[in-house]
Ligand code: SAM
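Next up: just one chain, as structure tokens, the form predicted alone.
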């Protein structure tokens, strides 16, 4: 329904319609987000060995030109996350100073979770939920690569999240939408364009917003975003939502030195893909006290922790033979939990096998007893999956490159057995 798409585009942009058409003919720009939870911005810059330049609106987002971004050390080490600039903006809006419990309601592939995690205090917890199991696995992989450990990943339907009713300090709802703002990247959107899809998306968004309202505590903040220009999914959706809830109000926010009165829409004319954002707050105030999950005791696992990590206090959680570790107590969220903090490892044939996530976690890096920093040649060999000859005592080692965590290996008789996940290995 190409004709309908352009008819509606003209109503959106009016006198700027021809400028928008010209922008649509330009090549879509690619951008990355810097993961300052892993390393300071200046240190990350040393690894950006490809053409890149800063965006004007987000100090942690850069445009780049390089086809092999996923084969760079910056990517391997979790220093960058490929993300369209506009998608990084909603997470800049909320006040995170006193936030303790965050819910990213439709989190996959993880960009907005990553953006907000870079702004949270160490004692804050992010709950990243994704209803689609395959997409939830992608979310898990992305958060693991970037080294985040203060995260609970869930695979729940929206109504199953109501176990958290009235408890969320900050809720991010990047709602499924018709995607009009992504047509440069996905031109098939124009071919499949129809009004029924827009209206179906609007109905889904309305139901998600109902759940979001119930989850938000008094005083809690709500960020709603889409990547469409359709008013049925954007301004009209939010105005109706606000009118239906007298204790909810729009809050002004600043982006790029401009103040917006609770809602903003950016896109093609701003040299980015389309993005709508609304910032709301619930009246009142209350604490976010949640029932805590039951901790586990397992001598085999606790012995591993004692031998490998200089931790005095920690919280251990169990799912069958899989174990998870957190430096802060985690809430009990019932079933459909994919991660509870850092995936520590599992018991296999009466022995404990540590997991890759343990050795990627930013918040555990300083606690490892045995560490080894790889040189350039060893880095290349390790990424390929090779064993390394090393003059080290036996045991598990956190392996790093320029002091940045990469993975782990097990040394026996001066040989380091490679534990880098096979799915990540590649020839370089």
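Predicted model only: the values in this text are computed from it and were never measured. Residue numbers count along the first chain shown, from 1.
Absent from the display: the form predicted in complex with S-adenosylmethionine. The rest refers to it.
Taking the partner from elsewhere, residue 112 is found to have a heavy atom lying within 4.5 Å of S-adenosylmethionine in the predicted complex. A residue is said to contact a partner when one of its heavy atoms sits within 4.5 Å of a partner heavy atom; residue 179 fails this definition for S-adenosylmethionine in the predicted complex, lying far away. Mapping the unseen interface onto this chain, residue 174 counts among the residues with a heavy atom inside 4.5 Å of S-adenosylmethionine in the predicted complex. Contact check for residue 132: a heavy atom falls within 4.5 Å of S-adenosylmethionine in the predicted complex. Checked against S-adenosylmethionine in the predicted complex, the candidates 222, 107, 102, 277 yield a single residue with a heavy atom inside 4.5 Å, and that residue is 107. This chain lacks the partner; the member of 286, 204, 96, 319 within 4.5 angstroms of S-adenosylmethionine in the predicted complex by a non-hydrogen atom is 204. Exactly one of the stretches 124-132, 209-217, 231-239, 67-75 approaches S-adenosylmethionine in the predicted complex with heavy atoms within 4.5 Å, and it is 124-132. Counting a residue when any of its non-hydrogen atoms is within 4.5 Å of S-adenosylmethionine in the predicted complex, the one hit in 154-169 is 158.
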